[in-house]
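Okay, here we've got a single chain as structure tokens, the form predicted on its own, with questions on binding and movement later.
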């Protein structure tokens, strides 16, 4: 009896996955061309992003600072990268309106990057002389030492708006509840599912999960980021169509027609 293994270059049972991969890469390529040739790709506006201008304007009128908290993640966290991208448009808007921006950082590398982003944003707004050295600063890489410093800043300086963007963990409720008690407008974006309920309860606006990544693309307006968001939306729409077709085939008494689709 021949017991040699069945060697094949490709498992035909996984053909649907290969097709799905090629479809997504096609969506990405098409949207990259669109993003580079057109002015922009439309992304549905998020209420939390619309509120950023209002929050910064309110802080300017009250003569109080904006507190931007980029979470406690390091550079390996996708949420931290989104927080760094979002900090640029926030810094530029504070520069244009003449509002003070304060950014306490958990990670020294993140602090250095956001400091560079903020300086660039002030330069683009022709307000380089208004940038306050030390407004982006490193606090501590110990979780609750960082929380104690940030909440102390909230209670002492009473920022008019607190913006939380990035990776947050057990400290989320401490930060958001303290900010809520000071009466600040609070806007949060977090990709940690377990922490979202705390932000939803304590903040005025919350970006849920993938909306954080969409926010960085929406505000940064980078063609590649916009193309990625659009490609993901197309892929999700295709997945919904596949599921609906599977349900339709099952209702028609022909589930075998949707079997291949369902295995994807």
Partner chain sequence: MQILEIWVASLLTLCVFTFLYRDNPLYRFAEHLFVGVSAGYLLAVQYQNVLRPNVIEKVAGGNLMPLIPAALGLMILGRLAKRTHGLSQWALAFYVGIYSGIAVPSYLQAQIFAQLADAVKPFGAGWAAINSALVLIGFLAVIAYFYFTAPQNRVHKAAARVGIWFLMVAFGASFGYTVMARVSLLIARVQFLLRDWMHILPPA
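Keep in mind that what you see is a predicted model, and the values were worked out from it rather than measured. Throughout, rigid core stands for the largest set of C-alpha atoms superposing within 1.5 Å between the two forms. Positions refer to the first chain, counted from 1.
As for the form predicted together with the partner chain, it is not shown, yet the points below apply to it.
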{"item": "Listed residue that, although the partner chain is not shown, lies within 4.5 Å of it in the predicted complex (heavy atoms), from 97, 132, 125, 109", "value": "109"}
{"item": "Close approach of residue 180 to the partner chain in the predicted complex, 4.5 Å, heavy atom", "value": "no"}
{"item": "Non-hydrogen atom contact residue 121 with the partner chain in the predicted complex at 4.5 angstroms", "value": "no"}
{"item": "Residue 137: touches the partner chain in the predicted complex, heavy atom cutoff 4.5 angstroms", "value": "no"}
{"item": "Any non-hydrogen atom of residue 12 within 4.5 angstroms of the partner chain in the predicted complex", "value": "no"}
{"item": "Members of 149-164 lying within 4.5 angstroms of the partner chain, judged by heavy atom, in the predicted complex", "value": "149, 151, 152, 155, 156"}
{"item": "Large Cα move at residue 201 between this form and the one not shown, threshold 2 Å, rigid core", "value": "no"}
{"item": "Did residue 28 shift 2 Å or more between this form and the one not shown, C-alpha, core superposed", "value": "yes"}
{"item": "Rigid core superposed: residue 236 CA moves 2 Å or more between this form and the one not shown", "value": "yes"}
